[in-house]
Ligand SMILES: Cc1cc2nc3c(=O)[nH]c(=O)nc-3n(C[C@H](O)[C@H](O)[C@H](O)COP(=O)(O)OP(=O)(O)OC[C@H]3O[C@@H](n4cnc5c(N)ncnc54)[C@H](O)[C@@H]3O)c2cc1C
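Presented below, as structure tokens, is a lone chain in the form predicted alone.
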């Protein structure tokens, strides 16, 4: 078990902000997770779980606790007819899993190519992009329940998946060890999303999971800043879901407003509101800005503090509410969300 002390959280998160964690423990298997939990208990400190830190904002004051940095590797396959279940360790890079599935000719997660983060973090957020969400392919999630010490296998129906949500977001005592995804050998391309439809119109090859994955990565590369240059967590806010009446009201005020029917109403691309309604594409204050190619993405420069990022995001949310009456929610979470 590798234990590090006073580790800057800015070095463990893609927004590159935050103070130091008292302890960081690299967890490579179930045994090291148990050792880390025992260490936290021995020190009378709370613990929190972290993958690649791609969807969190750490506090400038740091974390007086134990960070379990999940590094569990390995991908195995279980074949049954046309279906193949890929079981991946929580520390596996998400995009590495997408690539592995594509190389095997398996359909189901290719539209989620290029999303930074780990397999273990994916079900927490129920990651989604370009018309797909992982709730469509998750078979089960294996967790270590830190309250009981038991290993539990939680089936898809019991994961509480919602829009960028799951029970794991609200029950952080469930430490994810492995995730299983049921994928198919049968072709089922989903290229109706506008960006992918445009790729098809240009004559690009979208005939395989690998081809679609590469097309998605190319699209994403233009919409997101280079992580090696700037701090970012990707899309900082959720796309708002409003009633059909509210959508009609917005359309009356601003003209054609894009929308997608979802359970509970219609989803509106927040980027449209930030850009076309508020003219905030590229808007900057201090060391924080909205990305010029995609205003849903918040960019933090090298000297940005967590407080500066937080205040900027709050100001953006207030501008949206004042203009449209819509209260937007953050996709990025504070780290840690709870102390355990």
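Source: prediction; values computed, not measured. Residue numbers count along the first chain shown, from 1.
FYI, the form predicted in complex with the named molecule isn't displayed, but the following is about it.
When the named molecule is considered in the predicted bound form, residue 246 lies well away from it, no heavy atom lying within 4.5 Å. The closest heavy atom approach of residue 215 to the named molecule in the predicted bound form falls outside 4.5 Å.
Interface membership of residue 90, defined by any non-hydrogen atom within 4.5 Å of the named molecule in the predicted bound form, is confirmed. Remark: residue 289 does not count among the residues lining the named molecule in the predicted bound form, judged by a heavy atom distance of 4.5 Å or less. A heavy atom within 4.5 Å of the named molecule in the predicted bound form is found for one listed residue only; from 241, 250, 211, 129, this is 129. Just one of 224, 140, 161, 107 comes within 4.5 Å of the named molecule in the predicted bound form, counting any heavy atom, and that one is 224. Of the candidate stretches 191 to 199, 112 to 120, 148 to 156, 77 to 85, only 112 to 120 contains residues with a heavy atom within 4.5 Å of the named molecule in the predicted bound form. Residues 164, 174, 175, 176 are the members of 162 to 200 with a non-hydrogen atom no more than 4.5 angstroms from the named molecule in the predicted bound form.
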